[in-house]
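Just the one chain here, laid out as structure tokens, in the form predicted on its own.
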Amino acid sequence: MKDIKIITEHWGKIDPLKIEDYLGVGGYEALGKFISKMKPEEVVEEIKKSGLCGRGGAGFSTGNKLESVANNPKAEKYFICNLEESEPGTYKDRLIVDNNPHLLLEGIIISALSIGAKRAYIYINGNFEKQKEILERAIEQAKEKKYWGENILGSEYNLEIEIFSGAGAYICGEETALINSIKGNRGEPKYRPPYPTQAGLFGCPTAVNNAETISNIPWIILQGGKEYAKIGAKNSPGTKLFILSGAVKNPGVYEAPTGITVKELIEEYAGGIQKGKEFWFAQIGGACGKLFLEKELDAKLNFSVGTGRDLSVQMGSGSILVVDKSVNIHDLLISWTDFFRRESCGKCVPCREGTFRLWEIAKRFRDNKISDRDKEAVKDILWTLNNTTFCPLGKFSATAFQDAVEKLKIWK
């Protein structure tokens, strides 16, 4: 099923601003099937059967998350589509909106109704003005067709949808920080438990899912969870949007089955390395991703790491930066550390101070002023970020730097 396309099937073939084009290729048939033939718990069960897991990076079971909210006895529930996407090199969710916004919207409506939510939010990065305008138009067109609002398609289902623009903070990709932002508070993560599925937005059960994840839902409802589970890797099935950039001939976004190798993506999808360039390493998963040398490119991209013959690597957001040997490692180190220094919410000391110190050391390294004391300090800083920060941002900030020290041997 290498050539199967679930999300990108109609990209470039329909006008994203015309709902009629989406309807012409079977759009909103999944919602119609849900309304006329299925119960909410049956929808959740199909998603569980599919094995769909979060495409934002964490890879948590989508069906289990929806089921947890659906089974909560509280009457008021919320559904949130996470379209924050601030990580450098990651732009797949924006392209979903650019090319087929109604696919995302249909997935949001089905997901919200399946858990009993009567209000859904699309949390969008405030810098995505174009995408916000496209979504506003799609939402307006869908309401005219009775796909959301009161008595959806003549049923007893009701749903309100609202777009919420965030400030473009990377930390708000984390669901508790995102929820804090919608509530009007600082975009900072919260202690868990309770998890958002228990007490999320306004203290009510809340499901937060990434835009790419949600866009798989209509296909699953029409074709069935078992069919979806046949695609790609067994332990995290389906397709994934991969963003290839850097020293490849054809950079861009490609939809491929999970379980594909890094080498296959680079050579068969992105056309291989640019002429005259010599491969150095690939960074997988965005600015927080690990670095992979040429001997490691046969690793399978997955959401759970295997060992031995089934060696695999967590794909994160699906971003793959291919770096050649002409690239200055100093520039990369400063870019990575400056991003996390800037995006740290400052709530915990290890992250607030650790990311800043890494950035300072990276600058001294660039200026050839790094000392043996700096090199020893990096070991302590990386350990602290890996083990003591309040949320995963601190841990993420240490990943690439750690690999640069250990794999690339940037200093002896």
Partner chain sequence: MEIKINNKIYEAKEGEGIFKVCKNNGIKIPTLCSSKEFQEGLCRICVVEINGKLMTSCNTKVAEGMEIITESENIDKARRINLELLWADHAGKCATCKKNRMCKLQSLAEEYKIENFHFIPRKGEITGQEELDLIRDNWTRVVVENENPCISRNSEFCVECRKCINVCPEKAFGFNHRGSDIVVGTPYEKVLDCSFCGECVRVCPTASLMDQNNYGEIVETLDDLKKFSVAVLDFGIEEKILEQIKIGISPEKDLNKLLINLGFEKIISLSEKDKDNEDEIIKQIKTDYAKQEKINPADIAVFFISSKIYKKKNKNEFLDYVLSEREVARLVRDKEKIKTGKIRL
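Fair warning: this is a prediction, and the values are worked out from it, not measured in the lab. Residue numbers count along the first chain shown, from 1.
Omitted here: the form predicted together with the partner chain. The next part is about that form.
Proximity of H10, K13 and Y195 to the partner chain in the predicted bound form is absent: no residue of the three has a non-hydrogen atom within 4.5 angstroms. Between the partner chain and the residues K145, R342, R137, K226, the one pair within 4.5 Å by heavy atoms in the predicted bound form involves R342. Between the partner chain and the residues A70, C348, M38, I370, the one pair within 4.5 Å by heavy atoms in the predicted bound form involves C348. The closest non-hydrogen atom of W383 lies within 4.5 Å of the partner chain in the predicted bound form. In the predicted bound form, the partner chain stays beyond 4.5 Å of every heavy atom belonging to E29. Looking at E353, you'd find a heavy atom of it within 4.5 angstroms of the partner chain in the predicted bound form.
The closest heavy atom approach of K363 to the partner chain in the predicted bound form falls within 4.5 Å. Only one of 232-240, 104-112, 258-266, 186-194 places residue heavy atoms within 4.5 angstroms of the partner chain in the predicted bound form, namely 186-194. Contacts of stretch 375-391 with the partner chain in the predicted bound form, defined by any heavy atom lying within 4.5 Å, are made by E376, A377, D380, I381, W383, T384, N387, T388, T389, F390, listed in sequence order.
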